[in-house]
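First comes one chain, alone, set out as structure tokens in the form predicted on its own.
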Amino acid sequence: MIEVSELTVRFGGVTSLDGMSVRFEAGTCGLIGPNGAGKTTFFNVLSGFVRPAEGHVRAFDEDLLSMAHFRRARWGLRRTFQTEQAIESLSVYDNVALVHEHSKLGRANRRGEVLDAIEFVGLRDVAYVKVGTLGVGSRRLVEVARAVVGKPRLVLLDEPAAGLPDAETAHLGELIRRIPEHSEALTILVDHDMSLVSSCCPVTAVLDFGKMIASGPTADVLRNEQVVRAYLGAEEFQ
């Protein structure tokens, strides 16, 4: 469980997160909001890239914000980014192995665990192919494999389906739904594709201008009038 209390982030005169308070339970949770709402800033706080002005984050009964950012990967925090992080000149296997090296797990089971993550996303047949030769959809799957290797505790997915066609988005959605079962990790999904969020996330929270405006069962949240006005667009519900 992740419990966020009064989290505030300021960049100069801009308040990116304004007293954000929310609880994410086990499983896959959605986090949505318009561009600039503070979603990536929140992920950056959890990852240790941004230090908040105020607030607390407890992750599995541990004070996440007191943990040095370089220790969070060993603790079990994984994430994807809006821009791909895999190294194109390395193979799929080597890219996933690089992340495993930063986990708290030893070398003894590295090969098996790396191949397990690659097989989980469906890339076993291209495990030793250079990432730069793969299509966009497969490269996104490499990012997911990097996020689930090494027994993570918390997986943050930042718009993993952006720009993908429907068929590849559907396959990605199936994988996202299976992450908590596969790795026992709490997974938070940020995406603008409401069909993807609805299919993957039983519960969803909504940010708008850095404020948490709704959270709860996804179907109820997407019908919330404040959410419709702030993000989804009333015409979609007419």
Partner chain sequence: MSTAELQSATPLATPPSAPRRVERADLVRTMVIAVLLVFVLIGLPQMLSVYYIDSMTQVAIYSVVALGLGVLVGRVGLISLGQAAVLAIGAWVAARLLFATSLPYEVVLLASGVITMVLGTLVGLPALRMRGLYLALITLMLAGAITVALASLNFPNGGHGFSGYNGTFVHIPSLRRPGIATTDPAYFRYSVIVAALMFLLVLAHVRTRPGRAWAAIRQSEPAALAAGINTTLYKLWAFALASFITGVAGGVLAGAVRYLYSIDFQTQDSITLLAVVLMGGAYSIWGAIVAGLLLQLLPAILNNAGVSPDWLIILFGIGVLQVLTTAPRGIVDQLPRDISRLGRRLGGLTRRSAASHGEAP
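Positions refer to the first chain, counted from 1. The shown structure was predicted, so the numbers you read here are calculated from the model rather than taken from an experiment.
Keep in mind the form predicted together with its partner chain is missing from the figure; the text below concerns it.
Colleague: Please determine whether Asp166 contacts its partner chain in the model of the complex, using a 4.5 Å cut-off between heavy atoms.
Modeller: Output for Asp166 is no: heavy atoms all beyond 4.5 Å of its partner chain.
Colleague: Flag His69 as yes or no: does it have a non-hydrogen atom within 4.5 angstroms of any non-hydrogen atom of its partner chain in the model of the complex?
Modeller: Contact check for His69: yes, within 4.5 Å of its partner chain in the model of the complex.
Colleague: Residue-level contact is defined here as any heavy atom of the residue lying within 4.5 Å of its partner chain in the model of the complex; does Ile87 satisfy this criterion?
Modeller: Yes, Ile87 is a contact residue.
Colleague: Indicate whether its partner chain has at least one heavy atom within 4.5 Å of a heavy atom of Leu77 in the model of the complex.
Modeller: Yes - in the model of the complex, heavy atoms of Leu77 and its partner chain come within 4.5 Å of each other.
Colleague: Just to make sure I understand: among 113-134, which residues lie within 4.5 Å of its partner chain in the model of the complex, judging by heavy atoms?
Modeller: Residues within 4.5 Å: Arg124, Tyr128.
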